[in-house]
Every structure is written in structure tokens, then in C-alpha cells.
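Quick heads-up: it's one chain on its own, the form predicted alone, in C-alpha cells.
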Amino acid sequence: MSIPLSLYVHIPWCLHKCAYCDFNSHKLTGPLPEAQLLAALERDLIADLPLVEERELCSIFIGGGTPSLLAPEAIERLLKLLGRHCRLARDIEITLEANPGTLEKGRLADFAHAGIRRLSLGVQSFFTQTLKRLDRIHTGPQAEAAVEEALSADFESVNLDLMHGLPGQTFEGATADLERSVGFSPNHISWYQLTIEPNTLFYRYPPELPSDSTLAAIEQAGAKILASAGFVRYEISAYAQANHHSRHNLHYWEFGDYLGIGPGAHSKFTLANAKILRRQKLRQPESYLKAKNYLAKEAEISEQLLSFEYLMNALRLVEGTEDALYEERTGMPIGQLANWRCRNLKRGLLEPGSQLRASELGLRFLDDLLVDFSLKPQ
């Protein structure tokens, strides 16, 4: 099997459910059941191992929720149990998401010593008032202290998650946030616009957001700030210093296979018959912890949906994707995209050549490319 494999581990609890969050996260109302969770994650993993046939893991991502609620000792035990059951690549990337509002002093260094190689820190903003409007639990000073501690710990790479287009945010506020992030000299910055998703508090009670013209000005200025600081944009919202791309996220965007364990976690497997299987685990933490069978949903992806999902991921990459990779990862000929490709070359949304690559305009209007495909793919 040539398609690489990654592992995602979902930790479902947060101290507070943010108003914009549509992830499978749940407010923690009592002690964190670390031992019970680790036992359930191990059973979940063991049940799925026959599907991956001893394939090597190229990356592990521990997300949530707020995984940094777990003690470093629990993270170390988790990594050891993963190592017992899985083949790990020698240079495996192991990422942990962390929230500045959950970090005691010294905790990040302990996560690094536990085996975490890449930290993704959910800063979102360095301004306390902006964070309050965003419904985050940490303050600007806490965000700055967390970044400083992260960069002084023994991580191989540190990513800062930063949002723009926030409630009440001005052009000056958004660019000042980005300048502050760049000033810390992290290895990677994920800089993305807030979107209002269904099933969130912001969806029910929409906040006042910056105008479209302000958003366009923020994006244009932000791209210059990042480029001048040596950050290379390689995905719509991902900017990296040299050799610090997120390998796990690239794996998703290039349509690799991944195993997901934990409440609500998703998996994607390419089967021996070239069919692609998607699975989802039980969403509710209480049910998950007590379960004997963790599987909630399972289905093969249809050919039409398979092409759409591939394009939805791969076209986010600034360099796009090779035609040959499309055929390898979907099992379908690239020629079936010919009419759609021709239409969108004429519209200026795709670049010519042997790459499936969105133009600069196409990156800005990626939804248009995907809607065009879903309505009339041939």
C-alpha cells in the first residue's frame, strides 16, 4: 500500500465551549477521566488495527476539544500505548493542540519531554477585548506568556493559530495581531478568517463582523506581513518557515489515509479493491467511555463524492496537486475532469499545465470551483 497513513486522536473536553466552535467538544463538568479515556482509546485503536494491516504511521495529531487539559504524564502514556500497537516512522511528526487558558507554567516543557514534537497553540488574538468578544477564556497576556514558553521548550516546531475577521475587529487590530505573531518568530502560522458555522452560538446570535472591503484589505496586508517575515504560504490559511510545513495537515490535503480514535473521530481508509471507506466513532464522551463497539457510521465513498472530496482538499494547496496523485489517491482517471477543468481554465480559476492548481483568483473563490464541479462535473 503506497498511500501513507496518519493517526488522529480526539480529546473531546474543554473548560468552555466557544461561541464559534462547531467541533465535537464538550464542557468538562468534573474531574478529567484520564485513565478511563486512555483505556477506551486503546480498545478503539486495537479494534481498528486490522484495517491498516501494520502500515507505518507518518504523523500523529492529538486534537480536540482541548488536549492540553490532559496531564503531560497522560500524554506520555498515550504515546507509549500508540507505540506498542503501531509502527511509527522514525521521523514521525507528533502534534498536540494546546489552549493558552489551560496551561500552568512549565506544562509545555513537560509535553515536549513526554514526546510531543510539534505544538499548535490556539492563540487566536493577543488582545483581551477581542478574545472576550470571540468568547475565548484566555487573555492577551496569557497568550503572550504561552507563546514565549512554547518557543523556549524543546519542540521541533511551534504553530500559532491566529484568526481574523473577528467581532468588532478593525483593520488595525487584525494587522497588529499578525505583526505580534510574526514578532515572536514561530515556525508556522495558521492565519484564517472566522466563519460562522451552523449549530454554534454565533450562528443563532450573529455578531457584527468586519465588512467585505475590510476583510479584503486585511488579507492583502496580512499576506505582505507574512511574506516579508519569511513565511511561505503553502495552503489557503497556512504559512511556514523553511522545513516547518505541517506534515499531518499536508497529509489530509493530499488525500492520504488516516485512522481516527476518540469520540466523534473520523477515519478514511483505501481498501484493497481501491474503494475508499469512511468511518466515524461515537460522538458523546459518556457513551464512548462505556462502549464496547466504538463505530457509529461507516460508508464507502461514491465516485462522484470521491472526486469532490479530493478537489476540496487538494485545491487548498497553493502548488496544487499532480495529475498522477489524483489517479493514485482516487483510483480514477484524470481525464474525467477534462470538461470541468477546461471550463475553469477559461474562467481564470485554474492554472494551465499538468498540475491541478487553483489560480490566485481560484484560491480566493475556491467555493465557486467546487460548486461548479458539484453541479456539472463533466
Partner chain sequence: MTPLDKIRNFSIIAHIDHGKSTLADRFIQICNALSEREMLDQVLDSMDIERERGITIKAQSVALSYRSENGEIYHLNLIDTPGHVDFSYEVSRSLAACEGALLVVDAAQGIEAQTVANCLAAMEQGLEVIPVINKVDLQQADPKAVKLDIEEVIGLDAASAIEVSAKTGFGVQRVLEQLIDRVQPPTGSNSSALRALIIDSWFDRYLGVVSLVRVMDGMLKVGDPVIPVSTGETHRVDLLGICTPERKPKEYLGTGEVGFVVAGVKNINGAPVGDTLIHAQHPNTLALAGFEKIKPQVYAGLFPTDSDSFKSFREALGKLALNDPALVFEPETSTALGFGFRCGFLGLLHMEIVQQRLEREYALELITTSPTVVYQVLKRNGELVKESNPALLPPPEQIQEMREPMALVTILTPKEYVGGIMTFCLDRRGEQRSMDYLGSQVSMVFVLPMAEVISELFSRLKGISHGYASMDYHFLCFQQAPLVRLNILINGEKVDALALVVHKDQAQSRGRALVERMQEVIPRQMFDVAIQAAIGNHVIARTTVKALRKNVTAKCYGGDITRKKKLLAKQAAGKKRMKQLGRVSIPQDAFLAVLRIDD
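Source: prediction; values computed, not measured. Numbering follows the first chain given and starts at 1.
Omitted here: the form predicted together with its partner chain. The next part is about that form.
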Exercise. Are any of the heavy atoms in R347 no more than 4.5 Å from a heavy atom of its partner chain in the predicted bound form?
Worked result: yes
Problem set entry | Any non-hydrogen atom of D91 within 4.5 angstroms of its partner chain in the predicted bound form | no
Exercise. Is E56 one of the residues lying within 4.5 Å of its partner chain in the predicted bound form, judged by heavy atom distances?
Worked result: no
For this session: Examine E309 and determine whether its closest non-hydrogen atom to its partner chain in the predicted bound form is within 4.5 angstroms.
Result: yes
Problem set entry | Of E219, E179, E254, E149, the one that lies within 4.5 Å of its partner chain in the predicted bound form (heavy atoms) | E219
Exercise. With its partner chain left out of view, which of D161, D110, E144, E76 would have a heavy atom within 4.5 Å of it in the predicted bound form?
Worked result: D161
For this session: Spot the stretch among 181 to 189, 102 to 110, 149 to 157, 210 to 218 with residues whose non-hydrogen atoms come within 4.5 Å of its partner chain in the predicted bound form.
Result: 210 to 218
Problem set entry | T195, R316 and L370 all contacting its partner chain in the predicted bound form, non-hydrogen atom within 4.5 Å | yes
Seminar exercise, completed: Looking in the predicted bound form, the residues of 340 to 367 with a heavy atom no more than 4.5 Å from its partner chain, listed in order, are R347, L349, L361, L363, R364, F365, L366, D367
